[in-house]
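In structure tokens, one chain follows: the form predicted alone.
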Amino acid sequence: MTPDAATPPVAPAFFGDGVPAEIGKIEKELKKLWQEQQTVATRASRLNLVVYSAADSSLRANTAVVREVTKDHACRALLIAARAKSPKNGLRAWVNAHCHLTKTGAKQTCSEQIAFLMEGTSADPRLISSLVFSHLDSDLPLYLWWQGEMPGVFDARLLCATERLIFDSSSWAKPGPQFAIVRSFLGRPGCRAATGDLNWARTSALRLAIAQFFDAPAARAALGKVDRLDIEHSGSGHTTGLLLLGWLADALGWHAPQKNGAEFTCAREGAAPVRVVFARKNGATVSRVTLRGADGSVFTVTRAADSDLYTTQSFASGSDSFEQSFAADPENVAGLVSEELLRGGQRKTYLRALDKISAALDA
């Protein structure tokens, strides 16, 4: 027997430590995995998390993200990588487990992961639904994280089985048409899918920090006099800043922002329009938000590079200045996904903010 015949070739687990599995024997391989670990680990699952990507090396990157997410959310993760331009054709799979010690440290709880690589003609989007439904964990809720551009046509069966459709609008080159596609998915008869924009999640704590400015009576009086808004953001944070503007416009009764040269303006009833200035800066996704009033009032939220805190400074005309610190929104994707999985229901405030900025998205 030659050395080559004695040692069959092994497909490289290029995305992590997954075990190669034949498509028809995935459950058998998972069962074997648990039999080997049953003395030190317990399988746990609260939901199904499906992650789809057409990007190269997405299996490795998403395996690392899922490893972090499963610390707080036990699940069965299905990772799907579609490489339609690959010269190869076929479908390959790997099984894996993400294990973490319990709080007592006595035993590990483990989440299952099944990773699929669709190549060439096998990377047909129409095959995704059958792949997903064939490997879901019982009747647990389904969360679908679609990375990159949204498809113009979405399989209705998959969409209607989804509890939450997770995406990241900061990755879209032209967010206007992409948001329109997302909007078209909502409200279909028999569908319960709710939106989960990671870009909106990046502003959760920031919105709370801004809202607290106006708890004090003096600050509330200054609120109606705000006539300038400055938002400093990173290279990928412009859409994040627009969503924040949409939220403020909705909350404060401003009209939809209109493009005015390099800036925006928001008209108001019975008052001068609000001038809105965006500036690109290195650092956090949104590093500074400043609201200025015609009476000299200034309200600022700042996040330094690599900081996990927001620092707020408020000065309402006729009162003392005040400074506070708040926990900031996570910048890492795993943290954003973990927070998104904690939330339920439709994002009505998000949808109203989106309506406000719809005309400005690609301006």
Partner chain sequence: MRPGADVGIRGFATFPAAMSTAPNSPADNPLREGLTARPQPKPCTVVIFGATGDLTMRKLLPALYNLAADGDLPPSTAIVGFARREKTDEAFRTEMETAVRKFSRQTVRDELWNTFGKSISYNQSEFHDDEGYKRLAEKLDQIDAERGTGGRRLYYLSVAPDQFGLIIERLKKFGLDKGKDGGWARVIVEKPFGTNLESALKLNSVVAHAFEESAIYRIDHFLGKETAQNIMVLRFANAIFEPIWNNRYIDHVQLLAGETLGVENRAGYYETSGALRDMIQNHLIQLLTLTAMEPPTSLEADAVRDEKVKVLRSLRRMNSNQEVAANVIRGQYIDGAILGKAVPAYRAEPNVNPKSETATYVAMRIFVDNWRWAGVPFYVRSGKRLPKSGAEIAVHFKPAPSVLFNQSGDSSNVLLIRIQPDEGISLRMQAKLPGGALRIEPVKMDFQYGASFGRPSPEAYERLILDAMQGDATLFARNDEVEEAWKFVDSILNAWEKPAKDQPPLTTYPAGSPGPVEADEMLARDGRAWRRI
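Numbering follows the first chain given and starts at 1. In this text the structure is predicted, and so the values were computed from the model without any measurement.
Another form, the form predicted together with the partner chain, is not on view; read the next lines as being about it.
(message) So in the predicted bound form, is the partner chain close enough to S184 to count as touching (4.5 Å, heavy atoms)?
(response) Heavy-atom contact with the partner chain at 4.5 Å: absent for S184.
(message) in the predicted bound form, does P141 come within 4.5 Å of the partner chain, counting heavy atoms only?
(response) Yes, P141 lies within 4.5 Å of the partner chain in the predicted bound form.
(request) Tell me, yes or no, whether R288 is in contact with the partner chain in the predicted bound form, where a contact means a heavy atom of each within 4.5 Å. (result) No, R288 sits far enough from the partner chain in the predicted bound form that none of its heavy atoms falls within 4.5 Å.
(message) Even though the partner isn't displayed, in the predicted bound form is L248 close enough to the partner chain, meaning a heavy atom within 4.5 Å?
(response) Within the cut-off, so yes.
(request) Name the stretch: of 27 to 35, 294 to 302, 327 to 335, 52 to 60, exactly one has residues whose heavy atoms fall within 4.5 Å of the partner chain in the predicted bound form. (result) Selected stretch: 327 to 335.
(message) For a quick test of understanding: in the predicted bound form, does each of S130, F179 and D355 have a heavy atom within 4.5 Å of the partner chain?
(response) Looking in the predicted bound form, the three residues S130, F179 and D355 all stay beyond 4.5 Å of the partner chain (heavy atoms).
(request) Would you mind picking the one in D230, D72, D124, D155 that has a heavy atom within 4.5 Å of the partner chain in the predicted bound form? (result) Answer to the contact question: D72.
(message) Give me the residue from Q212, N89, Q258, S236 that has a heavy atom within 4.5 Å of the partner chain in the predicted bound form.
(response) The option sitting close enough to the partner is Q212.
(request) Scan 223 to 240 and write down, in order along the chain, each residue with a heavy atom lying within 4.5 Å of the partner chain in the predicted bound form. (result) Heavy-atom contacts to the partner chain in the predicted bound form: only L223.
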